[in-house]
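So this first bit is one chain, no partners, the form predicted on its own, shown in structure tokens.
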């Protein structure tokens, strides 16, 4: 299936590893030009070089901390200057701070709210005028199944931020539909990739992780980053032209939400 993404420009945050890197690779394989953002310059440039060689697309990088208030607008402007337009925004940057709710601090809440919510909202606000000027486009934010249902003890901050991201994206979709800008979220379950938290847990205690999978994931394995990435590419494309305001679960039947 031709996703009709050739020549489109995508801005991806959290793009140097894991799901973000896989999203970059998937969009590059569809002939998108890319602006990749992450904190680590070396890993970011290595990803960019790999994608240039493999797919022959233009890839620019911006090593920056997306939580800094001035960075989102600078990223969008960089995309406009390099490519003349912007069609796709993928907000993938994110993190977690575990702990019992009664032990959490204002500082811990603020840190993860900045990373998981405010950075995406700032980038979206900056991107909207450029997307409008490009004739419309698509914004996709990487949330979590734990934004759709309870994530368990120790995850009050994470759960709240991912729920907020899904909610904000829904309202953005309502407001921007008339501008031909679609806004969606994806909700991955337990995704294993090299260096990621699930990969580290598997290496530390493989037997416990086998038991976890057997008890929690009916499809019998962890998900892969490319399986999330390909759904994001579909949502970014004209093939998903009637999909907006949605949250697509990508979890091997791990979650329990009915909606």
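Residue numbers count along the first chain shown, from 1. Here the structure is a predicted model, which is why all the values come from computation and not from measurement.
One more form of this protein should be noted, the form predicted in complex with a small molecule, which is absent from this view; the next part is about it.
Asks: Has each of 144, 188 and 193 got a heavy atom lying within 4.5 angstroms of the small molecule in the model of the complex?
Replies: So, yes: the whole triplet contacts the small molecule.
Asks: When the contact criterion is heavy atoms within 4.5 Å, does residue 83 count as touching the small molecule in the model of the complex?
Replies: No, residue 83 stays farther than 4.5 Å from the small molecule in the model of the complex.
Asks: Does any heavy atom of residue 67 come within 4.5 Å of a heavy atom of the small molecule in the model of the complex?
Replies: Yes, residue 67 sits close enough to the small molecule in the model of the complex that at least one of its heavy atoms falls within 4.5 Å.
Asks: Is there any non-hydrogen atom of residue 221 lying within 4.5 Å of the small molecule in the model of the complex?
Replies: Heavy-atom contact with the small molecule at 4.5 Å: absent for residue 221.
Asks: Is residue 236 near the small molecule? Define near as a heavy atom within 4.5 Å, in the model of the complex.
Replies: Residue 236 lies outside the contact set for the small molecule.
Asks: Pick the stretch from 85 to 93, 148 to 156, 98 to 106, 170 to 178 whose residues have a heavy atom within 4.5 Å of the small molecule in the model of the complex.
Replies: Result of the contact check: 85 to 93.
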